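A single chain, nothing else alongside it, follows as C-alpha cells in the form predicted on its own.
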Amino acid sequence: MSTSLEATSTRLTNIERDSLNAQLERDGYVILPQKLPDDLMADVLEAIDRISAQIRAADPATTSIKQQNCVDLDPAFLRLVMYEPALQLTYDAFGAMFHLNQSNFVSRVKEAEDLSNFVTSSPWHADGPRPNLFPAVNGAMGLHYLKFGYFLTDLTHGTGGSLQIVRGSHTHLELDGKGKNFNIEDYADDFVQIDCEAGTVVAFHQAQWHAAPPNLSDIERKNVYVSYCPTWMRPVDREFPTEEQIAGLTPEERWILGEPRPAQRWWIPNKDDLNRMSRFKRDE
C-alpha cells in the first residue's frame, strides 16, 4: 500500500535548510524545527507496540527490544521513511542519488542497571562503516550516511535513556582513538544530552560520537532510527526488494527502497532517476 502525503505540510524552507545544514556541518547533529505530525506518530507507536507484544509473547524473557529493518514490517514505518524534512536534508547531502540505508525501532523498558548490550543501552561509539576500519580524510570520516532519530515518548524527565552526543565529534577519529581509555568527562564542554519531548526529530552524521544510558524511568522509551546513503552503497540491514514486493508503491517509495535496475544506474542516473526525487530539491 502506498503512503500518503501529510495532511499538514512539514516542508522545510530554504532558509531553514541553510541553517540546519550549517549546524549539522559544525556540530554533527541538529534538532529539526517541527515535531512529527500527531497522526504519523500515533501510527508508528501503534506498530511498535503491536510488534513488541508479538516478540514478547513468543519469548517472555524478552524485555527491551531492538528491531532491525522495521520498514518491511508495517506501512507506518514506510511513512516515516518518507518523512519530507528528512528527505529534504538528505537531498542536500547527497543530491538525487540516495536511498534507504537502515531502519530500526527500539523499545526500552525500565532497567535496574547499565547492561551495555546495544538494546538496554548504548555505550559511546560512532556508527559504521566502522571508523577505525575505513580510511580517514584529514583525521575524520566523511559523510557516508545521514541518520534521523525519531523520539516518540517523553524524555524531558532526564532519566529515560536520552540520546547523548559529543558536539563536533564527527570531525575527529572515533573516540579520538582512545578505545578502552576513552573518558567522556574529558569532553564535558561539548557533552549534550537530548532530553526532548515526544515527536522530536534529531538528524546526525554517522561519525558523530553518541551513546544512550539505560532507561531508569517508568516510561518505556520508544524511538525509531532511519538513515539514508548514496545509491552506490548497499543498505546495512536489508536486501533490495523484488518487483513483487514493491508493487503498488509510488515512484519515490520504489526509489527509496531500491527498486531493481541495471547495475550502472546505481552509479550513473538517467533523466528519470534525477527527476524521481525532485520534490525534495530546494524551492525556486
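Predicted model only: the values in this text are computed from it and were never measured. When you see a residue number, it is the position in the sequence shown, counting from 1.
The discussion below concerns the form predicted together with a small molecule, not included here.
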query	finding
Trp255, heavy atom within 4.5 angstroms of the small molecule in the predicted bound form	no
Distance check, Thr200 to the small molecule in the predicted bound form, heavy atom within 4.5 Å	no
Partner contact for Ala212 in the predicted bound form: the small molecule, 4.5 angstroms, heavy atom	yes
Distance check, His172 to the small molecule in the predicted bound form, heavy atom within 4.5 Å	no
Non-hydrogen atom within 4.5 Å of the small molecule in the predicted bound form for each of Lys35, Met82 and Phe148	no
Contact residue in the predicted bound form, from Arg50, Arg26, Arg56, Lys66 (heavy atom within 4.5 Å of the small molecule)	Lys66
Single option in Leu163, Leu152, Ala207, Ala86 placed near the small molecule in the predicted bound form, where near means a heavy atom within 4.5 Å	Leu163
Candidate stretches 255 to 263, 219 to 227, 37 to 45, 56 to 64 - the one whose heavy atoms come within 4.5 Å of the small molecule in the predicted bound form	219 to 227
